[in-house]
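Only one chain is included here, represented as structure tokens and corresponding to the form predicted on its own.
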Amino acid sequence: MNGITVRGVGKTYRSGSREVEALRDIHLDIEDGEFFFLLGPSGCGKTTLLRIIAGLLDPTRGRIYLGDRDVTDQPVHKRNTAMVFQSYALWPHMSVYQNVEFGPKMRGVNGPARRDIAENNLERVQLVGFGDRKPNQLSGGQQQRVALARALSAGADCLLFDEPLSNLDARLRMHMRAELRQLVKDTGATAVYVTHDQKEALSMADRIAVLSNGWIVQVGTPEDVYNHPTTRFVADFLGEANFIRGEVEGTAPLAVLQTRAGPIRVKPELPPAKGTTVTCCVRPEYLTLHARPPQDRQTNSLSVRVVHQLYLGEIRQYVCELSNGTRWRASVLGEKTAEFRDDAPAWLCFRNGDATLLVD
């Protein structure tokens, strides 16, 4: 078993006479063979946690386990992990072959066997024939593949990625997402990937941990974290979200939320207590616009005024003002709605099960 266990890990830095907590009491269980993402804004602690797992930083407190081994006090070279950096960190004076052979060479593998390992992994990343080139003769995408081949050649139980796609252009970054995920899953290794890119995490991860100010605020599958955020921060950070506050007036069989824009019926997993003040969250893609409110108990309808709209090709995004002055965005497939003019009255609708309640 080569999963990763993090128990009570904290990291405190000193800045003059002041202490700064980069990580606060982190607990994680990453399963064997899982592609696990650490997601959050700059300064949230995700890279600090990755470097502690790698052994590049010592935790102030807590323990790190790789499989059943406590590696908290072990140096990097004894952890059997391999890291792919944002800057690729290739040896500029070495050829591609020499870079990829570096890990096996450090393990004492003989020359012919090292070359076989290098050729096999260069084939996996589609760089056959590039072995004699130097890194400065490669594009950014090719250098990223060499860095991955080098990590794969190390024969590590755990692969660690520090924003490896962030230096690529947007088109290549999108292409590499599926390719990188497949390569990692094919190895069977446990992998931890740091990113601030929400779409990268949602499209590649088995599970995601969202970090904020040194805390883990939510862990779950991409679908669960996106569709069922537990805090306003998570909802807002993972894509667009619309919010409105209100008080819970009824809880069975649906939670009825009384807001200044009208009543909203929600089907929460755990109904809040009557009288609780909560925030209702609805994603723009779950909203539709209608000229008249649907006569359907499963659908919420809020009276709005269309402020303006944006044509984005496959979707049209409407900015709508609710009766309390709050503005919501609705992202609607172009062929599924009539075009509403600016300043036109309309009804903004969404299903009871498409809203999430966030307890304040």
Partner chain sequence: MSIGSIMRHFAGGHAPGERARRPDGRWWLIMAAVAVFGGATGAVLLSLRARHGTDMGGFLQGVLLTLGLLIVLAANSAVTAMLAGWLAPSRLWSSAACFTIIEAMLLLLVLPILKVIASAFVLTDAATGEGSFSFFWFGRLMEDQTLRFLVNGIALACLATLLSIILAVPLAVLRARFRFPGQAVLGVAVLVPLILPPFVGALSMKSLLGQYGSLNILLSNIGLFSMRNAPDWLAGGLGSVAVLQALHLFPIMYLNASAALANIDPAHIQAARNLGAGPWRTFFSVTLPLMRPGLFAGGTIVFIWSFTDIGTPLILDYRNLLPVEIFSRLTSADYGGKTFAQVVVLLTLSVLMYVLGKFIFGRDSGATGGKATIQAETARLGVRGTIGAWLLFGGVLLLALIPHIGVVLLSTSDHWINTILPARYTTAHLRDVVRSPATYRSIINSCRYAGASVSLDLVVGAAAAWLLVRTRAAGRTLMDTLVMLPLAVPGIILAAGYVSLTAPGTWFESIGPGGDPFLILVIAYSVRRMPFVVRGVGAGLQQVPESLEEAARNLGSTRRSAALRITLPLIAANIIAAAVLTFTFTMLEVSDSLVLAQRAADYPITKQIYDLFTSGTQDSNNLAAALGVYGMILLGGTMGVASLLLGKKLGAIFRA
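Positions refer to the first chain, counted from 1. Source: prediction; values computed, not measured.
We do not show the form predicted in complex with the partner chain, though everything after this point is about it.
Here the chain stands alone, but in the predicted complex its contact with the partner chain, taken as any heavy atom within 4.5 Å, falls in 148-156 among 217-225, 148-156, 249-257, 267-275. Using a 4.5 angstroms limit between non-hydrogen atoms, residue 106 touches the partner chain in the predicted complex. Proximity of residue 243 to the partner chain in the predicted complex falls outside the 4.5 Å heavy atom cutoff. Not displayed here, the partner chain is approached by residue 77 to within 4.5 Å at the level of heavy atoms in the predicted complex.
In the predicted complex, the partner chain sits within 4.5 Å of a heavy atom belonging to residue 102.
The three residues 81, 85 and 89 all sit with a heavy atom within 4.5 Å of the partner chain in the predicted complex.
Exactly one listed residue, out of 128, 113, 94, 174, brings a non-hydrogen atom to within 4.5 Å of the partner chain in the predicted complex: 94.
With the partner removed from view, the residue among 332, 56, 306, 322 that has a non-hydrogen atom within 4.5 Å of the partner chain in the predicted complex turns out to be 56.
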